[in-house]
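Coming up is one lone chain in structure tokens, specifically the form predicted on its own.
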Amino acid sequence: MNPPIELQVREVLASQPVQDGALLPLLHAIQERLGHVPPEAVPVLAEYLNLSRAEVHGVVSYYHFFRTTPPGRHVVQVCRAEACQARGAESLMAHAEKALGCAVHATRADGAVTLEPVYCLGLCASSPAIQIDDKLHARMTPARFDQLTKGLL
């Protein structure tokens, strides 16, 4: 059984060096540890950094990268930056929603997959690109997408 979320957040805070502008690095560390930034982390982080809860919540909600709910067992990200859009990312995202059976920014009911947009995976020259868990895939087609994701469901 995992320790309570507040204890896990405090462990993350204790393991990080104190520095100016620490909010984003700490949010990344919390998400890396817990898989998301739970609402319970906001007041703990605000108190630690002497910020208001609104300031911390504002940063968490502004950046698409931060999740406030646990992700599925696998995370599929489809790049929607300009180069990928020019090469069919929008139709690829529509295909992904249908193939995976979940909407963008959502997790399948069975918890198998979370589908997220991202805004540049750094593979512009070989777009469109996706990332499955932490592995990048370039020159994506619907057929290749199906092949890569068939074992995730």
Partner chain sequence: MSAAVRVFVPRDSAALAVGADEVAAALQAEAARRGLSIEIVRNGSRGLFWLETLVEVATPAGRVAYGPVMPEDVPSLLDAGLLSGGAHPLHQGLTEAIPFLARQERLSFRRMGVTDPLSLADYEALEGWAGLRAALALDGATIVQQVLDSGLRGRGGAAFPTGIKWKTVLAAEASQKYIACNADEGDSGSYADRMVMEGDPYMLIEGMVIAGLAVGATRGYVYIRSEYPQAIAVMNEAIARATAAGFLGENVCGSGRAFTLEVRKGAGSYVCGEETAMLESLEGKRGVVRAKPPLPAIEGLFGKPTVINNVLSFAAVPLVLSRGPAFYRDYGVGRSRGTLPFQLAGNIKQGGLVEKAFGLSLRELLIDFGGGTASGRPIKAVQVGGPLGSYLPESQWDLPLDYEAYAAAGAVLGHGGIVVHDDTADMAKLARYAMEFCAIESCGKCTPCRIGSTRGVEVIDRIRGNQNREQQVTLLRDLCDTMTHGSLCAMGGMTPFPVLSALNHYPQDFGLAESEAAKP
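Numbering follows the first chain given and starts at 1. Remember, it's a predicted structure, so these values are computed and weren't measured experimentally. Basically, rigid core = biggest C-alpha set you can superpose within 1.5 Å across the two forms.
The same protein also has a form predicted together with the partner chain, omitted here; what follows describes it.
Here the chain stands by itself, but in the model of the complex one stretch of 108-116, 36-44, 95-103, 59-67, 59-67, has heavy atoms within 4.5 Å of the partner chain. In the model of the complex, no heavy atom of T141 sits within 4.5 Å of the partner chain. Using a 4.5 Å cutoff between non-hydrogen atoms, V75 does not count as a contact of the partner chain in the model of the complex. With a 4.5 Å cutoff on heavy atoms, L123 counts as touching the partner chain in the model of the complex. Although the partner is absent here, S15 sits far enough away that none of its heavy atoms falls within 4.5 Å of the partner chain in the model of the complex.
Interface residues of 75-89, taken as those with a heavy atom within 4.5 Å of the partner chain in the model of the complex (partner not displayed): R80, A81, E82, A83, Q85, A86, R87, in sequence order.
Core-superposed comparison between this form and the one not shown: the CA of R73 stays below a 2 Å shift. Taking 2 Å as the criterion, C84 counts as shifted between this form and the one not shown: its C-alpha moves by at least this amount when the rigid core is aligned.
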